[in-house]
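Just one chain follows, in the form predicted on its own, and it is written as structure tokens.
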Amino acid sequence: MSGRSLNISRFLTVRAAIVAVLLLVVAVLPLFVTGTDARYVLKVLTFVGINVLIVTGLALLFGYAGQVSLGHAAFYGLGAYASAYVTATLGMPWFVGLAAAIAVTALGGLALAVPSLRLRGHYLAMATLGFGEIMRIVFVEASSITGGPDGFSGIPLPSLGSFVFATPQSIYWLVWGVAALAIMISYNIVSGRPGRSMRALHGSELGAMASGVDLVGLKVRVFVISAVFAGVAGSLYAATVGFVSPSTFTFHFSVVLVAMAVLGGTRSLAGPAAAAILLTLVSFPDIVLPGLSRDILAVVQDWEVDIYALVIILVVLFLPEGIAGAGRRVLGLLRRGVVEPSGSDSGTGQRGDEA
């Protein structure tokens, strides 16, 4: 028993080492981005971090709780406009704008969740789609607050006290730091009782109810948390770009987010984060393959929506569990190779797998 426990600890140490290496790579990456295109590359990588933050919330909602949302771009826009209005129009600090984004998107998530409690499947998807389209029209028509179709400009850079995140490197670290914090919070949620409740809800609502899960409270909380993550991402986006317009928060972007969640797989946070990185970089192939001609870049941008649709179809057909499922199979093989004591008989190894 002690030998098996030692091998399990060794396996967990390997997983912790992999996570530590990934965090280190993300942290030091800006130090190695140099050259004339450094500002552009860092801005793209910052957008990647923003999408990872949004998809982390969507992973809780879709991947764990099984609730579909085709209107997450609306929460993203609510956070962006709330933060922009508070900081640019009212002249408040960015941290206050961030708090406003959290409050507004939490109310938006609550407003969407409560009427949708009895909906499931494609009915819920249509309800969230309608919410997203309504908010897009609001962003256009509420011109006194949002700037209308012309957009909202003059948004100040993010700051904490007297420190202003004025360089691409500092903004990159801010965005990825918040994304890492969101992933840690989400991991704590899914590792405890709420995570077990969400998995039960995903499997069967009747089964979860029979097990004593508060379905109403759980759905509302997951919707609100997911919306808040998107709102925080919107606040970061507005401060990073300095300009927001309704064309950013469209149904197309909601579909992109769903594609990331589907490709990432269910019951995972790492899978959707990896999918967010991959599919965001699809829009910027010159970052991955420097030197691509403008003609190739134009073709990729023209077929971007089709690429996302093709990804969803291929994942559903050939990789239904997404990146997370493939990763779990690899880790399962690694665990069996590391955990099973060498030289033990087959019966001992079998008991170790079942434990």
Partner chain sequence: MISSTGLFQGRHGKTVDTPELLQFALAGLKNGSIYALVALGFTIVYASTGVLNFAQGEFVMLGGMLSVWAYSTLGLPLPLAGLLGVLLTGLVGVIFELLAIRPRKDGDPLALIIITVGGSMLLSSLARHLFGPTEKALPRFSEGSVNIFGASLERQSLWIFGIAAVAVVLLTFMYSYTRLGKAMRACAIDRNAARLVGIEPRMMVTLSFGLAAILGGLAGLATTPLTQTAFNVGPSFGVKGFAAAILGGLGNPFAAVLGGLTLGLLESMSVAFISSTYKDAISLIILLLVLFVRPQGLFGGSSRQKV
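Residue numbers count along the first chain shown, from 1. None of these values were measured; they are calculated from a predicted model.
Absent from the display: the form predicted together with its partner chain. The rest refers to it.
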| residue 31 within 4.5 Å of its partner chain in the model of the complex, heavy atoms | no
| message | Check residue 290 for me: does it contact its partner chain in the model of the complex (non-hydrogen atoms, 4.5 angstroms)? | response | no
| Any of the heavy atoms of residue 150 lying within 4.5 Å of its partner chain in the model of the complex? | no
| field | Contact of residue 131 with its partner chain in the model of the complex (heavy atom, 4.5 Å) | value | yes
| Options 120-128, 170-178, 151-159, 93-101; stretch whose heavy atom lies within 4.5 Å of its partner chain in the model of the complex | 120-128
| message | Between 255, 88, 282, 270, only one gets a heavy atom within 4.5 angstroms of its partner chain in the model of the complex; which residue is that? | response | 255
| remark: Note: exactly one of 330, 297, 27, 316 sits with a heavy atom within 4.5 Å of its partner chain in the model of the complex, namely 316
| query | Does any residue in 39-70 get within 4.5 Å of its partner chain in the model of the complex, counting heavy atoms only, and if so which ones? | reply | 62, 66, 68, 70
